[in-house]
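The chain below stands alone, shown as structure tokens; this is the form predicted alone.
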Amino acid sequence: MSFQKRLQSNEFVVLAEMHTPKGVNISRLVTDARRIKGRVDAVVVPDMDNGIMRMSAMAGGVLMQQQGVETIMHVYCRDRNRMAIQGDILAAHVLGIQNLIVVHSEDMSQGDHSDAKPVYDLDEIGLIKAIGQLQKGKDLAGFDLDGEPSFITGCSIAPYADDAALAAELSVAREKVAAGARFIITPPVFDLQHFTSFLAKVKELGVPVIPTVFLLKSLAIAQYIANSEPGAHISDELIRRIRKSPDREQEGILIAGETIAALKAMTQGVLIQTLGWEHKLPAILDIAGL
């Protein structure tokens, strides 16, 4: 069953994020995709996430499709003007990609091409509207298309530090849903109790909510997120658990799998982020019972 049909049928969906290589060696990407084929419903392919120059998400998406794994492709506003974005969206459809996520674009100053010039010809709401207009057979200049693409488009909620920031994010998310977003990806979940109250608010938007589960690869990473991103809600108890473990890498995998298992009873899916440790996805899925 396709990702779109599973969403429409209220089935639980399992997504895994896989980055394209910084170069042309696709062996690791293809191997990782084959490891999880049949165990995830789709692979999310970011497009130069965190401002790091990589092979395009469209190429990665096509490679996933060739391996028999459905693709969900990131679309950003940062790097292309409205003409280039529309052209890429049309090309994605022709190449078999039918799922998109319009996501926040990170500041280029933190990337590996800090002197690159951002574009931002459209904002996220404008981009979602543009995708909808293409599906109606018109481009943004109002000209007719020769054939209409078809997509299910999602959006994301950015991390937030406090209730005021959350209220602002929910307000924007409401506009994204009104513009045509059909599912929402949340920030990483580290505290299930806190996520429960957050989820109640997001569910009011009326579309499927898919939380992110982030693999804590080490104690240092967990501590960094806890200290630099207070909205992440990484508890002292979780830090202690990782610190006391005789195998901290394995403990991170256990935490990810346990979190997914708990979320299965609460949400309509999960997105697993491993940031370079895609080879650990099968172990995480085993622990989650998926």
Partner chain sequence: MITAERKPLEELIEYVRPFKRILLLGCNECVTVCAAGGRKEVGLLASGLHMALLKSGSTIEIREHTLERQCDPEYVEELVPMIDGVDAIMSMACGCGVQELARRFKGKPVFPAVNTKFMGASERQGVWAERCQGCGDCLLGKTGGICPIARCAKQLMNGPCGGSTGGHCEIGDDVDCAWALIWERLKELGQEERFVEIMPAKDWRPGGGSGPRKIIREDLAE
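In this text, all values refer to a predicted model and were calculated from it rather than measured experimentally. Positions refer to the first chain, counted from 1.
Keep in mind that the form predicted together with the partner chain is missing from the display, and what follows is about it.
Residues placing heavy atoms within 4.5 Å of the partner chain in the model of the complex fall in a single listed stretch, namely 101-109, out of 101-109, 68-76, 140-148, 159-167. Among heavy atoms of residue 115, some come within 4.5 Å of the partner chain in the model of the complex. Of all the residues from 221-259, none has a non-hydrogen atom no more than 4.5 Å from the partner chain in the model of the complex.
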